[in-house]
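This document opens with one chain alone, in C-alpha cells, the form predicted alone.
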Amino acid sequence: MPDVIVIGGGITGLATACALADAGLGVSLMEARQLGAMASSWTLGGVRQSGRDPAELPLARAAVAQWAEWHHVLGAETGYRRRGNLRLARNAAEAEAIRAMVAAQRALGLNLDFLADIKAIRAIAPAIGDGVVAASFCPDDGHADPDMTISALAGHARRKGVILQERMPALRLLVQGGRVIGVETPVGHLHADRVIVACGLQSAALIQPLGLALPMVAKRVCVLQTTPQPPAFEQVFGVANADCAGRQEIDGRFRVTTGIGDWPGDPARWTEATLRPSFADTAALIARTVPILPLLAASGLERVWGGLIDLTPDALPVLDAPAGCPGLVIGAGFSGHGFGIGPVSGQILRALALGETTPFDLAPFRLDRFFPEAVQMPLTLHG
C-alpha cells in the first residue's frame, strides 16, 4: 500500500509525486489518460513572475529560482531558458493598463520595465510588429519545454520508485470514519494514508461527494504551431487583455495560443476531435498574432489543436488540505498559468500532505475562500 496516492499526471501531480518520493514516501500516481494530457501539454511553457496576482507572486518568484536548477534535480533537461517575458499593448488603453501593472509590481519588488514605444521594444525583440505600441518586460522570466519537462519529471519519479499508472481514472474517493483512505479505480480499491487530488477539471467532481464545492468553469484554448523557422524571437509574449500569447520553441516552431470561450461539452469526455478549433477560431488566432509577429504570416502551419483549462472564479488555484476531510489534499484550478509555478506547487502539496508548514501564505489558496460568493476574474494564459 502506498503512503500517498496522487490523482493527476500533469506538472502539478508529477512535481508533487517527485517531492513526496524525494522525502522517502511510497507514492502511486494515477492519470486517467496519459501523462501531461491536459494543460501541461498544450501550455506555452511560460515561467513568469510578471503579471501574476500579488498572492501568487511569491510562489512564482520561488519557482523561477528553482527552474534554473530543476534539470539537475530531475536528471534530465526541461528546456528551460531565461529570456524574458513581454506583455504587449496594442492601443493607448492597453498601454495605460500595462503602465499601471508595471508600477504596482515594481512596488512589490519585481524587476519589471515599461517600454514606452516600439523602438524600445525592438531593442529587446526586433521581430515585434508595428501593431504594438508599448510593453512591459521582465528579464528574469522565461520558458521551458512542456514535453521535455513532463518526461523529466516522469523519469525522476520512476527512478524514485513512484508507481505511474496511465489510463487509470479515479472513480471516487474512499472514506472511512470521516477520513479519506484511498481511491476506487476500474480495477479495484487502492488505499493510502493520504490522497492528493490534482486532476484539473475532474477535481471538482471527485471532492463533491465529500460535501466540498470547487467552483470551476472549463475554458477551451486554441493552440497553433508553425513549421520550424530560423531563430527570431527569444521571449514569451502575452497581451494586455490575454487574448493571445506565444513563443518560439527550441526546435524553431512557433506556438501561439488564445482563449476562445467556454467549453460546452463534458470535460470528462473530451477528445482531440471535439476540442479541435474551427476554421474561424484558427483564423481569429492568426489575425491576432500576425500583427504582433509579422514573420508568422510566411510560416507554414503544422498543427492546430485545442486544450481545456480549469478556471476558478478568482483565477487562483486551490492549494489546501481541508480541515473537515483528513487525508485529503487538493491542488487544482490553476486557471491556465500553473506550469510556471509547478516546482513550488509540488512542494506545497507535499508539505500539506505531511502536515508541515511552508514559507508561503496559503490563505489566498484555501478552498473556503469562494464562499458565500465568488467573483469571476479574467484569464492570464502565458505561463
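Worth saying up front: this structure is predicted, and the values here are computed from it rather than measured. One-based numbering along the sequence shown.
One more form of this protein exists, namely the form predicted in complex with a small molecule; it is left out here, but the text below deals with it.
Review point. Of 26 to 34, 57 to 65, 318 to 326, 354 to 362, which is the one stretch near the small molecule in the predicted complex, taking non-hydrogen atoms within 4.5 angstroms as near?
Key: Answer to the contact question: 26 to 34.
Check your understanding: Looking at Leu173, Val221, Ile292, Leu86, which is the one with a non-hydrogen atom within 4.5 Å of the small molecule in the predicted complex?
Key -> Looking at the other structure, the residue within range turns out to be Val221.
Check your understanding: Of Ala198, Leu153, Val195, Ala135, which residue is found within 4.5 angstroms of the small molecule in the predicted complex when only non-hydrogen atoms are counted?
Key -> Answer to the contact question: Ala198.
Point to revise | Residue contact check: Ser50 to the small molecule in the predicted complex, 4.5 Å heavy atom | key: Answer no; every heavy atom of Ser50 is more than 4.5 Å from the small molecule in the predicted complex.
Review point. Using heavy atoms and a 4.5 Å limit, would one call Leu20 a contact residue for the small molecule in the predicted complex?
Key: Residue-level check for Leu20: no, no contact with the small molecule.
Review point. Do Trp70 and the small molecule come within 4.5 Å of each other in the predicted complex, heavy atoms counted?
Key: Contact check for Trp70: no, nothing within 4.5 Å of the small molecule in the predicted complex.
Point to revise | in the predicted complex, Met168 touching the small molecule (heavy atom, 4.5 Å) | key: Because a heavy atom of Met168 falls inside 4.5 Å of the small molecule in the predicted complex, the answer is yes.
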